[in-house]
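What follows is a single chain, given as structure tokens, in the form predicted on its own.
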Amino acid sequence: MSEITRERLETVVGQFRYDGEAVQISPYGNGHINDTFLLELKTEAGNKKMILQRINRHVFPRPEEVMENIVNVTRYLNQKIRENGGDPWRETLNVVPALDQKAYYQDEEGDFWRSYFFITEATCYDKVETPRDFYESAYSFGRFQNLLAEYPAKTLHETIAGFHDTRARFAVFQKAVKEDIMGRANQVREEIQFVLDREDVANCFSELLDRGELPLRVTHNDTKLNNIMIDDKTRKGICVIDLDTVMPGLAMNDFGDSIRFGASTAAEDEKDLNKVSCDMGLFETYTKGFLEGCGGKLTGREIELLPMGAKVMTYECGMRFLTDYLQGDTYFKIHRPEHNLDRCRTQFKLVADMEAKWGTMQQIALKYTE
């Protein structure tokens, strides 16, 4: 993607329907996908802030479809929030239209830009600082499911094809093992066997979907803590952000990805596997918050399968790290040799720990259905 100069930024800013004059533009946040800037406007009512982003076309090759999803979902959320007596300016993203009324502007370089109203007096956190923050994240993602429970999920575009199709990712993994283009397979036979021994985990949700036993829902698909805005005063989760991967999916996958990342006792690339486990206290905290946020909108079968969601997502992520290692570390950024292998091993240790605690996880999930 081409360089972003100051002149280019100023040209892009002039293509959106802002009600004031831009007085400052600066890089913002620590996202790894899109280029994000904080824009300060001088208006008659005082200074305002806006978010300006360049969409990464390598990750999202059809930006128009990404924005169509976002506009339709946020309009729907806006209406639901108003009906519930909430504040749609703080509880959902609001897109700033371009001069031609589109939800994006495409510049002369072919890049797509979008803008949102900035949500004030709220913060995103990269790490779980307190169990309360984890609960608020869970409640917020559960409420996201609640508000969108009646939205026709099949009308949304799939912004990244097969993103959480674990069965398809298993096939890609098998191909990577067979081809072994880097000659690494013999060094990781134990890890390869770990994946192969759990083919039933890879197929589980796909088979249930095939049989019509699970509903397709509007899912976020990137349910990290830092995709929740937490109010600075109340410390309550108020808004789900980063909606690029909103598309049809399974509630258990959204739940499971949060557990994979947030309930682990160690970093994703921890080398000392003795430090890696799934914290049952945090698992229960998240389960409680998520189901309370869902407000009874999940089916009994979905709730029963929440622990499997945690296992499937952790297994899938470990398999993806191992696949990338076998293929030469071409997808995930690495900062040392065998970085992806370390990542894969932490995920598999988490899966094994979940298996050891399976009865406890099931009891916790069912506890909050009573």
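Note that residue numbering begins at 1 and tracks the sequence as displayed. All values derive from a computational prediction rather than experimental measurement.
There is another form of the same protein, the form predicted in complex with adenosine-5'-diphosphate; it is not shown, and what comes next is about it.
A.B. asks: Choose one stretch from 176-184, 278-286, 112-120, 145-153: the one whose residues place a heavy atom within 4.5 angstroms of adenosine-5'-diphosphate in the predicted bound form.
C.D. replies: Going through the listed ranges, the match is 112-120.
A.B. asks: State the residue from 328, 337, 61, 31 whose non-hydrogen atoms include one within 4.5 Å of adenosine-5'-diphosphate in the predicted bound form.
C.D. replies: Looking at the other structure, the residue within range turns out to be 31.
A.B. asks: Using a 4.5 Å heavy atom cut-off, which residue among 74, 166, 227, 264 comes into contact with adenosine-5'-diphosphate in the predicted bound form?
C.D. replies: Only one option qualifies, and that one is 227.
A.B. asks: Applying a 4.5 Å heavy atom distance criterion, does residue 209 contact adenosine-5'-diphosphate in the predicted bound form?
C.D. replies: No, no contact at 4.5 Å.
A.B. asks: Hey, in the predicted bound form, does residue 323 get a heavy atom within 4.5 angstroms of adenosine-5'-diphosphate?
C.D. replies: No.
A.B. asks: Using a 4.5 Å heavy atom cut-off, state whether residue 244 contacts adenosine-5'-diphosphate in the predicted bound form.
C.D. replies: Because a heavy atom of residue 244 falls inside 4.5 Å of adenosine-5'-diphosphate in the predicted bound form, the answer is yes.
A.B. asks: Can any non-hydrogen atom of residue 51 be found within 4.5 angstroms of adenosine-5'-diphosphate in the predicted bound form?
C.D. replies: Residue 51 belongs to the contact set for adenosine-5'-diphosphate.
A.B. asks: Is every one of 36, 93 and 124 within 4.5 Å of adenosine-5'-diphosphate in the predicted bound form, counting heavy atoms?
C.D. replies: Yes, all three are in contact.
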